[in-house]
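There is one chain below, alone, in structure tokens, taken in the form predicted alone.
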Amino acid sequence: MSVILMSMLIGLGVALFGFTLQTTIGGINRKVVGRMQKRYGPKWYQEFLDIFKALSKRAISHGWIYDFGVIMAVGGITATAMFMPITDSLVAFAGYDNFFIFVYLLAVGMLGMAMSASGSGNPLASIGVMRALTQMLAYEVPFMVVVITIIKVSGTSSLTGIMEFQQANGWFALSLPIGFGVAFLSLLGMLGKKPFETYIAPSEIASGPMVEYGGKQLGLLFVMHEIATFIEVSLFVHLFLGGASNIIEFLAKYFIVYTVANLISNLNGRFKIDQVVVFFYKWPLALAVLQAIWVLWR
């Protein structure tokens, strides 16, 4: 078996692992939040049931752009997950776990969803897409400033290299605490957690890009969402918490980061889209720039 084929099989295994991990932890978190709200909560495997039920149903098509966009979204996100290292020694494509590869490939999946939602013809879906893209422009700028600072300090943009640097010199969560806080706020925006739940807006009439979906397309977008969440939380773990030297360490850090983000989300209301943009371009961006200047001049 060739090295390339073996790497592809390992990469697909990582994507499947990410889907299974995030869907399981998401289900556990629904139970935790239910108990916090004095409810029993759904079973921990309820999200699996919801996804498989949606995939088993017939769906209405709104044209080839609508259908192809879903395939592009799932394919782009799955391809991104294939490059994600789990530990400092478990990576499908060694040498290609560059942070900027994730930036480019994530855009493919997100643009695929935007194309599909716009192709549905529903104006409320288009409103959701515009909100999502606007929110991306808000949280990605301070996040990129922080990550570029990390790359400057560690001397590499490889996630494995950044992990190894932290294991030798300490976590960036401790050495760059301001950037850690800014990045965590950005992570809440990436995950669509409150107060940055604006583009999803489940209690509003314009309930986000997925308002027109049902059946197989909705099931595929659920799969895309779970894998995208796995990528975003894993990036945070590798960039700020030293990654992991074994699978148990990775699972523990992943669970803690996602659970804390989810609990914070359930304690907040929702910003309006203009409030999201003003917030990220005000304090997080200013703090990220100040920390970058401090790192360059110290």
Partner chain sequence: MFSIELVVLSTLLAGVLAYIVSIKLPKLGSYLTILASLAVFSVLAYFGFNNNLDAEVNLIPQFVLFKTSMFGLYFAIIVSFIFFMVSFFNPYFIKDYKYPAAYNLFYLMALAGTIGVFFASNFITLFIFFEIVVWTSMFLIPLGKKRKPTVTYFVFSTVGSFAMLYAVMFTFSITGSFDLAAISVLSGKSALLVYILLAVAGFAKLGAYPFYVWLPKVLGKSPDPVSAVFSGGIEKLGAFIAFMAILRISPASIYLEAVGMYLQNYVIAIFGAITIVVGTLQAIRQDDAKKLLAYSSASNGGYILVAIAMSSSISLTGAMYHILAHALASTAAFLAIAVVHYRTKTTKISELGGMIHHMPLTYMVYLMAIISMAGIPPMGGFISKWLIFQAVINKQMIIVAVATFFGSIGSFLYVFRPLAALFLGQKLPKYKGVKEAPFLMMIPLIILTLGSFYIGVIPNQVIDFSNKVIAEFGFGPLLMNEFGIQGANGTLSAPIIASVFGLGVVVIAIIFFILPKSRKVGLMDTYTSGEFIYTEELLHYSADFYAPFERLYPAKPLISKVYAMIKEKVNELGRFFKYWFFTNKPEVTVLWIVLILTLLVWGDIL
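Note that the coordinates shown come from a computational prediction; the quantities given were computed from them, not determined experimentally. Numbering follows the first chain given and starts at 1.
Not pictured, yet referred to below: the form predicted together with the partner chain.
Does the partner chain get within 4.5 angstroms of any non-hydrogen atom of residue 17 in the model of the complex?
-> Judged by the heavy-atom cut-off of 4.5 Å, residue 17 is well away from the partner chain in the model of the complex.
Should residue 181 be classed as touching the partner chain in the model of the complex when contacts are defined as heavy atoms within 4.5 Å?
-> No, residue 181 is distant from the partner.
May I ask you to check whether residue 8 falls inside a 4.5 Å heavy atom distance of the partner chain in the model of the complex?
-> Flag for residue 8 set to yes.
Look up in the model of the complex whether residue 111 has a non-hydrogen atom within 4.5 angstroms of the partner chain, and give yes or no.
-> Because a heavy atom of residue 111 falls inside 4.5 Å of the partner chain in the model of the complex, the answer is yes.
Of 173, 151, 188, 90, which residue is found within 4.5 angstroms of the partner chain in the model of the complex when only non-hydrogen atoms are counted?
-> That would be 151.
Going by heavy atoms, what in 115-139 lies within 4.5 angstroms of the partner chain in the model of the complex?
-> The stretch 115-139, when checked against the partner chain in the model of the complex, contributes 115, 118, 119, 120, 121, 122, 123, 124, 126, 127, 129, 130, 133, 134, 136, 137 at the 4.5 Å heavy-atom cut-off.
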